[in-house]
Ligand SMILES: Cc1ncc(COP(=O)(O)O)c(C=O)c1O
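First, one chain by itself: the form predicted on its own, in structure tokens.
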Amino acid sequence: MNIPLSKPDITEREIEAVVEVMRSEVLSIGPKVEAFEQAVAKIAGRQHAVGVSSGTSGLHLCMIAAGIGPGDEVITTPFSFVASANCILFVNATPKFVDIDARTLNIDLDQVEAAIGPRTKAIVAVETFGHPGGMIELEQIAQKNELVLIEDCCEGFGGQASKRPIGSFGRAGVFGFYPNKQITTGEGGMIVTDDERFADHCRSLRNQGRSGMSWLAHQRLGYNYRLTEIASAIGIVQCERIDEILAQRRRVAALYVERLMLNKYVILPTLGEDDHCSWFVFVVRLNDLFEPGDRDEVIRELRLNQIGTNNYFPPIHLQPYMRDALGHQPGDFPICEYVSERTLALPFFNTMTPAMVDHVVATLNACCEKVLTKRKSR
């Protein structure tokens, strides 16, 4: 049984929507983008949404629209996809990393307060793997210290924290719609905000700096970060199917939890009572039976057995270019580093069957046992 790490959930409805756009001959800057924006804004509980070419481009535009620039520091997590820190470098500001909470895997709230200094201008907060833990507290910290909070919710579409939708926190939130996300447009992203001027600024920035003027008049330095009509057509249908999609992801996550609850090798994700994860990926952690390096051996064994898996996430602060830029060394953020060398993502997609989950779990157990036995025999 060959089981991939992820795959998109595309039906005939999405295909028909794409064909409709192709026949309309309006492939860019048309009605589908606007309709998709309205659908995402409603799900996120926001007044405005701005479709962009990716979650990364959305984060970049948020940095510019928030006035972040050289000399500014932006607090963020070292345990994420690199875009959440890259967007800070894009505007020549400095990422100020803070270690993570071992339970939520999100940024440690106590350390955020301690990291705020005279140059701190913003916080980029990430819902790691879609876990919304700590977002309400981060919003309060940002408000108390007059900081801009940008919610990197690229992994959390459709989730909730204390009945508030993911995407509804701070000045703005940014979603990503890559094929492994809860909903996909192939490539694409969305900025959501309640600030009309912020939204208008981002709309101009995504469209080469135009601002309601003629096609060749540019008010500011801008970018070609537009979202296409084809991508938006797919996104509209995915939004219409969001309840079904999220229910399927909860079902698969529940199957994993049921079969791994008493597992002797792994630690499961932990959610708070009021947190509703929309399940971007299903990531487990090897427990203390394992040593550094064992996780990579387990990944190799799983792949040899045709089970898709990956190491989510390598620490951002130890990526070579980031070490060159900021001078970080191993040991700077010990919880992030400890967690990072033990996490692995298991196959996770909407159409997984109980038999697939059973096969993944059985193979995981066999691979873990093999790696431990091999180490003990050295």
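Just so you know, these numbers come straight off a predicted model, no measurement behind them. When you see a residue number, it is the position in the sequence shown, counting from 1.
This protein has a second form, the form predicted in complex with this ligand, left out of what is shown; the following refers to that one.
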{"item": "Candidate stretches 181 to 189, 100 to 108, 242 to 250, 161 to 169, one within 4.5 Å of this ligand in the predicted complex by heavy atom", "value": "181 to 189"}
{"item": "Option touching this ligand, based on a heavy atom within 4.5 Å in the predicted complex, out of Thr76, Ser232, Gln238, Ser80", "value": "Ser80"}
{"item": "Selected contact from Ala49, Met352, Leu59, Leu346, since only one has a non-hydrogen atom within 4.5 angstroms of this ligand in the predicted complex", "value": "Leu59"}
{"item": "Touches this ligand in the predicted complex: Gly176 (any heavy atom, 4.5 Å)", "value": "yes"}
{"item": "Close approach of Ala199 to this ligand in the predicted complex, 4.5 Å, heavy atom", "value": "no"}
{"item": "Contact of Leu227 with this ligand in the predicted complex (heavy atom, 4.5 Å)", "value": "no"}
{"item": "This ligand contact at Leu205 in the predicted complex, heavy atom, 4.5 Å", "value": "no"}
{"item": "This ligand in the predicted complex - contacting residues of 133 to 157, heavy atom within 4.5 Å", "value": "Asp152, Cys154, Glu155"}
